[in-house]
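Just the one chain here, laid out as structure tokens, in the form predicted on its own.
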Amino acid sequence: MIATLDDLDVEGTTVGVRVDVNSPIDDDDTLADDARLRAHVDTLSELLERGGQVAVLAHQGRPGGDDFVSLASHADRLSTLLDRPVDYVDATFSEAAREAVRDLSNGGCVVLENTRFYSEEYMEFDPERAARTHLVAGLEPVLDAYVNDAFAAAHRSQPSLVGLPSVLPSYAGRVMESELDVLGSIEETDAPRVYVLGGAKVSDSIDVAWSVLEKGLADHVLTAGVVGNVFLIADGVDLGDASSDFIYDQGYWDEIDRAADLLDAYGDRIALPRDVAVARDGDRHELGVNALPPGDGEAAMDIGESTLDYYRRILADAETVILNGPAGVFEDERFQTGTRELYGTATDIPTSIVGGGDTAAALRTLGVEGFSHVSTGGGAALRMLTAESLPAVTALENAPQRPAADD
């Protein structure tokens, strides 16, 4: 049983809140998109309005990347979104960080520095070992409780995700609570149930397909994007060198055999693209999958209109649709059609659940809205759809005894 904010006596309590605000960054190191910050406003606002003293923990980017920057601009943006002052300190667990946390008054908030500026946060630990890291040892003395609202990072096992809940009374934030409620109850949704698997997370998508087909949770699985291309090759289609080389270069070649095994076992429930879009003479050009020129031809960049018609007919009978991954290279305007039309069709289905990560980014870019639930997590959502445990969720389940809630 995971405790939520309903179980936390907030007033006067110093709470460390782990969020996932990993965002696109502009050339001047400021935020290019604040969607992930907006997702956490409800949790942070509730804690602050109930008189909590909130220290925000988060990561941004990876070492060596252009988006590996401080959280100063995140703090500025949170101040606007929360409509109250939000402090920032360029330290995470040092004495400077502890002093900033101690100085908080009821309703006060401080954003601590990017957790990944410290090597421990770029490593995976079991909870017991994570509890002995410098980050946990540095922050535990100044925190009364811990809240994890970072569902998008729940498949990781870094100290800020599994170490702090090992030593502090711990709770799920509103984002985490909602994600676990929705993604943890897929089996209770109405059938027919259709899964749409696109994007480039081939191994994860095949894991999901195996799991939901074996358990009878999927009446149909529709494939698109790189996932669809892998299944086409597994089905014997020659997509040409450009698409095949991309799959090989990304390390997905071994997944073709897994896709072939899946087609052998459940081929009658797996739908493959019938046509694709390529770039020819600067424009979008659609070809049947068996009409692609062999050898050094154009790469498949999107699904075509024939595929969309085929998929629409399957979706017309669905009561529930679960979607993860774009249908094509949506960053290029010529190849946005598949994702826009396929996801747009899904909004008409009674229950429509969308995975996060690249999928959520695609929908924001294309302006597609109207889903029952859009997850904040990509990898974490996929893990939940295969019924795998999430380390950060397990850590919440095993957290120490909690104090009683306020009235």
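Take the two forms, find the largest set of C-alpha atoms that superpose within 1.5 Å, and that set is the rigid core. Residue numbers here begin at 1 and follow the sequence given. In this text the structure is predicted, and so the values were computed from the model without any measurement.
Here the subject shifts to the form predicted together with a small molecule, a form of this protein not shown in this document.
Student: Okay, which stretch from 297 to 305, 182 to 190, 134 to 142, 70 to 78 lines the small molecule in the predicted bound form, with non-hydrogen atoms inside 4.5 Å?
Tutor: Of the options, only 297 to 305 has residues within 4.5 Å of the partner.
Student: I'd like to know if residue 199 sits close to the small molecule in the predicted bound form, meaning any non-hydrogen atom pair within 4.5 angstroms.
Tutor: Result yes; residue 199 sits at the interface with the small molecule in the predicted bound form.
Student: Wondering, does residue 358 line up within 4.5 Å of the small molecule in the predicted bound form on heavy atoms?
Tutor: Yes, residue 358 is a contact residue.
Student: Would residue 166 sit within 4.5 Å of the small molecule in the predicted bound form, counting heavy atoms only?
Tutor: No, residue 166 is distant from the partner.
Student: Within 4.5 Å, heavy atoms only: does residue 229 come near the small molecule in the predicted bound form?
Tutor: So residue 229 counts as contacting the small molecule.
Student: Quick check on this chain: which one of 217, 287, 279, 329 has a heavy atom within 4.5 Å of the small molecule in the predicted bound form?
Tutor: The residue in contact is 329.
Student: Only one of 92, 324, 223, 170 comes within 4.5 Å of the small molecule in the predicted bound form by heavy atoms, so just point that one out.
Tutor: Of the candidates 92, 324, 223, 170, 324 is the one lying within 4.5 Å of the small molecule in the predicted bound form.
Student: After fitting the rigid core, is the C-alpha of residue 87 off by 2 Å or more between the shown form and the other one?
Tutor: It does not reach a 2 Å shift.
Student: Could you check, with the core superposed, whether the Cα atom of residue 174 shifts 2 Å or more between the shown form and the other one?
Tutor: The answer is no, as the C-alpha of residue 174 shifts between the shown form and the other one by less than 2 Å after core alignment.
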